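What follows is one chain in structure tokens, specifically the form predicted alone.
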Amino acid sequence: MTVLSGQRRIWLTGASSGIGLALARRLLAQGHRVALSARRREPLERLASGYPDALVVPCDITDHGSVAEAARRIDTAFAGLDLLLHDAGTCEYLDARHFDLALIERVLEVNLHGALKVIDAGLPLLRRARDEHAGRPLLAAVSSAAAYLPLPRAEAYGASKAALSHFLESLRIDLADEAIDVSVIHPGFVETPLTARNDFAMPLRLDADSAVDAILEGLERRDLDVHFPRRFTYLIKLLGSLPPGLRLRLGRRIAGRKRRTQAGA
């Protein structure tokens, strides 16, 4: 079991389900002070029960005021952050034959704009920790291996994650002089309530606890790119580097397999 060293002050979003829930359980069990955020209070309170270092701060990441209030409460309780770990996200797939702008906007609002609101609210807390304790705080966010390669029906999801990855990699350059590190997490398929809705094969799918091991190991090393499972993500990276024409042919083959799978369901 991978351990994140020290006792850190952590703000974890998306803490009520999936990878975020598994991360929350692990971090609390290791004795870290963890501010738990998700939209609903009840599952967070159940999660925090028995952990005196847990702070329940529900918020809606699409609402700037809600996120700002959560950050204010965390700063009051923790006096800064050593780690901002953003995991909240959503996934919806687009049928381009019935172009759905509302679907695209929903996904972008959560996965990109929501992440930006959390970063905007959390950066001052990371700076406070740096200034008061002379350490190097860490900003980390969960993107997706889909950021590496355009995939069929993933126009909204893939674009939101690719944009998030690009933003964080650029931000990393500008924060380097501030002594704030940035890690971007690119999981492959992980068993979560979101992936349970997928109607296609998910190669090399991991359980949530294995994903947490990979994430904490990468964060402990302060890897710039935390990606897993490596056999899958290295292949996706390689395919993403192909010329556009080859990527188009590959995408059409994948789309054809998905249609055949759905037809046989």
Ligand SMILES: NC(=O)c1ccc[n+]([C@@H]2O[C@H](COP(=O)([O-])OP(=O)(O)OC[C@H]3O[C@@H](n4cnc5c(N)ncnc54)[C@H](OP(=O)(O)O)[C@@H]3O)[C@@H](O)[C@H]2O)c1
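Predicted model, so just to flag it, every value in this text is computed and none were measured. A residue's number is simply how far along the shown sequence it sits, counting from 1.
The form predicted together with the ligand is left out here; the points below concern that form.
Whether 61, 192 and 195 all lie within 4.5 angstroms of the ligand in the predicted complex by heavy atom:
Each of the three qualifies.
Just to be sure I understand the contacts: of 137, 122, 188, 158, which is the one whose heavy atoms reach within 4.5 angstroms of the ligand in the predicted complex?
The option sitting close enough to the partner is 188.
Contacting member of 71, 84, 88, 129, with respect to the ligand in the predicted complex [4.5 Å, heavy atom]:
Looking at the other structure, the residue within range turns out to be 88.
Please determine, with the chain shown alone, which of 165 to 173, 180 to 188, 74 to 82, 95 to 103 has non-hydrogen atoms within 4.5 Å of the ligand in the predicted complex.
Among the listed stretches, the partner-contacting one is 180 to 188.
Does the 4.5 Å heavy atom contact test between residue 10 and the ligand in the predicted complex come out positive?
Contact check for residue 10: no, nothing within 4.5 Å of the ligand in the predicted complex.
Within a 4.5 Å heavy atom cut-off, is residue 142 in contact with the ligand in the predicted complex?
Residue-level check for residue 142: yes, a contact with the ligand.
Is there a heavy atom of residue 110 no more than 4.5 Å from a heavy atom of the ligand in the predicted complex?
It does: once the ligand is placed as it appears in the predicted complex, residue 110 has a heavy atom within 4.5 Å of it.
With the cut-off set at 4.5 Å between non-hydrogen atoms, does residue 230 touch the ligand in the predicted complex?
Contact check for residue 230: no, nothing within 4.5 Å of the ligand in the predicted complex.
If we check the ligand in the predicted complex, which of the residues in 5 to 30 reach within 4.5 angstroms of it by a non-hydrogen atom?
Contacts from 5 to 30: 14, 15, 16, 17, 18, 19, 20.
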